[in-house]
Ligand code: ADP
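Next up: a single chain in structure tokens, the form predicted on its own.
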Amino acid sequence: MSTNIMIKVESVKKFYKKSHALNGITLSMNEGEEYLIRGASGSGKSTLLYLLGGLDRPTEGKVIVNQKNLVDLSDEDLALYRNRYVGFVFQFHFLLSSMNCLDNILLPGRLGGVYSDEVMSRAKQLAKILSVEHCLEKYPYELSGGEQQRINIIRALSLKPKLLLCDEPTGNLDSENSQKVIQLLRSLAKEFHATLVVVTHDPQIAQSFSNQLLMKDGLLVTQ
């Protein structure tokens, strides 16, 4: 495992009108390592994940990824960062209903101008591993919630992201598929030498992570 620091969060606060989602977070994450974030609902876990992924900007502080402060990036450069560098797996999959599942998977590559036969081949290989080969030509509304989530995971992994952010990635899956998905995320993160950050309430998943961050009231309690 590399010991290079990939992410540095420095004194980050995030306020939404009268709500304080983050109250001064400072942490670092190493390249190629796995991290689990846990805490009660409303503790700031998802907000932190969105800031790491460039989906939102902090009210105060710095979010530095590979020596670049995301706060200083333009909206265009932030969009490029999200497309080329980050893979997102949310509990709610945000698949486009007007496209079949294969086109949903390939969309990030096409938008980023990096579509290739390799991306197509990887998508089909992952679909086989996750037992959703039969879903690729179907539309999202024709799938179960668990199948949609697995398609979402394949889309997130399609461009070999260096930062893989997962917010309750197994929330819609049964226990067997939950374990399969977590094993896949971890093995591919190692293959890509990506940093994996998982938010989960699942105690079975949590106990297998050695690097755990506990959040409470917008603060980091342990690291």
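From a predicted model like this one, the values you see are computed outputs, not experimental measurements. Note that residue numbering follows the sequence shown and begins at 1.
Note that the form predicted together with this ligand isn't included here; everything after this is about it.
> Closest heavy atom of residue 205 to this ligand in the model of the complex, within 4.5 Å or not?
Residue 205 lies outside the contact set for this ligand.
> Give a yes/no on whether residue 42 approaches this ligand to within 4.5 Å in the model of the complex, heavy atoms considered.
Result yes; residue 42 sits at the interface with this ligand in the model of the complex.
> Find out whether any non-hydrogen atom of residue 47 is located within 4.5 angstroms of this ligand in the model of the complex, and reply yes or no.
Although this ligand is absent here, residue 47 would touch it in the model of the complex, with heavy atoms inside 4.5 Å.
> Using heavy atoms and a 4.5 Å limit, would one call residue 25 a contact residue for this ligand in the model of the complex?
Residue 25: no contact with this ligand in the model of the complex.
> Of 177 to 185, 154 to 162, 65 to 73, 34 to 42, which is the one stretch near this ligand in the model of the complex, taking non-hydrogen atoms within 4.5 angstroms as near?
One stretch meets the cut-off, namely 34 to 42.
> Which residues, if any, of 14 to 38 lie within 4.5 Å of this ligand in the model of the complex when only heavy atoms count?
Heavy-atom contacts within 4.5 Å come from 16, 19, 21.
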